Ligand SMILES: Cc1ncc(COP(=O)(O)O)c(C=O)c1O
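Take a look at this single chain in structure tokens; it is the form predicted alone.
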Amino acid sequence: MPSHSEANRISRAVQTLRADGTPFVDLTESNPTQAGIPYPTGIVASLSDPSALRYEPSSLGLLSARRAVADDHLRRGVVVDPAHVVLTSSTSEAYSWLFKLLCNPGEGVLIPRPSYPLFDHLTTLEGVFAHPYALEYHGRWDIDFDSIASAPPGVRALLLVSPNNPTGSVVTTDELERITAVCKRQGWALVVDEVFADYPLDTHGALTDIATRSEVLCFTLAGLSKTIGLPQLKLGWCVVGGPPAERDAALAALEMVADSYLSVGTPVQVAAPALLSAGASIRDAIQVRIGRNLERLRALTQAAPACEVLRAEGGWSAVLRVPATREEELLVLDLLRDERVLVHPGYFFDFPSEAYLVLSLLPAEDVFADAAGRVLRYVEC
């Protein structure tokens, strides 16, 4: 039975404020539908297409939807064969299916650290272990290859998140070449989470769609949640690439896994072509929002010399390094009590040391600027 824990002190403090009706600014907000992002009128009208009343299940997803996903890659100049696309209800489900595909119980995968804590939960639920490899900050976040070299026996895949959440780091050409060489030597598959690939910040020409160019068995994950800012529609996808024989064998096995669940709803698959076509304006609005908020945070930090905004190459988060005058959890609780501002502590993402705060760049610009300014003044004092 999976273990579960009680709410931590920060969660309990938030619950108390909400129960009392006490307002606060949530700088952990990662849901664009709650952040005042403008959406085109009628964006979800395609969900009412009458053809969705007809149920004709297809294990890997309706061909029309898979074609729409493949066609959407053309805006980045990437050609994807719809036959290599697997639809899932989310990237979390895609991870679950890939762990079933790649690992026997008791085997494991390499995961980046710092990163989003979801991996520990998903691997535990699948009966596989997660072994971390380190990202180290030296003006940008670099992969520590020594930590990859120390991987224990039983590893079957390496997970790469680019841009990473929350560090915002993207894999470089040199890093990808080295990772590919390691995977070839060890017989590992490569799983690349590219959900934030549409949101570059301090980078130009970042590597994307890695499965389409991979020399090893590779799976690239993305979905509507980030691509068009609609997480409630529950449609993700996995592009399978690598040597043709390995790729085709993986697709055949994934088809069997997918057929056992048939989890993706017909209406969202029918609507996929229209949704992806309409998504450009949403991406643009999110890109403008996160770019301006990051720029404002950096400007505000000029008046707080003890704090540093770490380089973010993509994604929706900013990492703020602050003086380690108290434990991160206490600092977050104090900010919530005294300033009514909620931020994430770095330990939530397994940062190797203190003290880091993680701020979402999605909130409305005026709200973000005011709250971020209060955070900076508070930690400076």
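Because the structure is a prediction, the values reported are computed rather than measured. Position 1 is the first residue in the sequence shown; the rest follow in order.
Heads up, the form predicted together with this ligand isn't pictured, but that's what we're talking about next.
Colleague: Can you check whether residue 161 is within 4.5 Å of this ligand in the predicted bound form, heavy atom basis?
Modeller: Yes, residue 161 sits close enough to this ligand in the predicted bound form that at least one of its heavy atoms falls within 4.5 Å.
Colleague: With the partner left out here, check for me: in the predicted bound form, does some heavy atom of residue 91 sit within 4.5 Å of this ligand?
Modeller: It does: once this ligand is placed as it appears in the predicted bound form, residue 91 has a heavy atom within 4.5 Å of it.
Colleague: Can residue 196 be called a contact residue for this ligand in the predicted bound form at 4.5 Å between heavy atoms?
Modeller: Taking the distances in the predicted bound form, the answer for residue 196 is yes, it comes within 4.5 Å of this ligand.
Colleague: Is there any non-hydrogen atom of residue 116 lying within 4.5 Å of this ligand in the predicted bound form?
Modeller: Yes.
Colleague: Which one, 224-232, 98-106, 264-272, 297-305, holds residues whose non-hydrogen atoms are within 4.5 Å of this ligand in the predicted bound form?
Modeller: Stretch with heavy atoms near the partner: 224-232.
Colleague: Quick check on this chain: which one of 123, 212, 208, 165 has a heavy atom within 4.5 Å of this ligand in the predicted bound form?
Modeller: Contact with this ligand in the predicted bound form is made by 165 alone.
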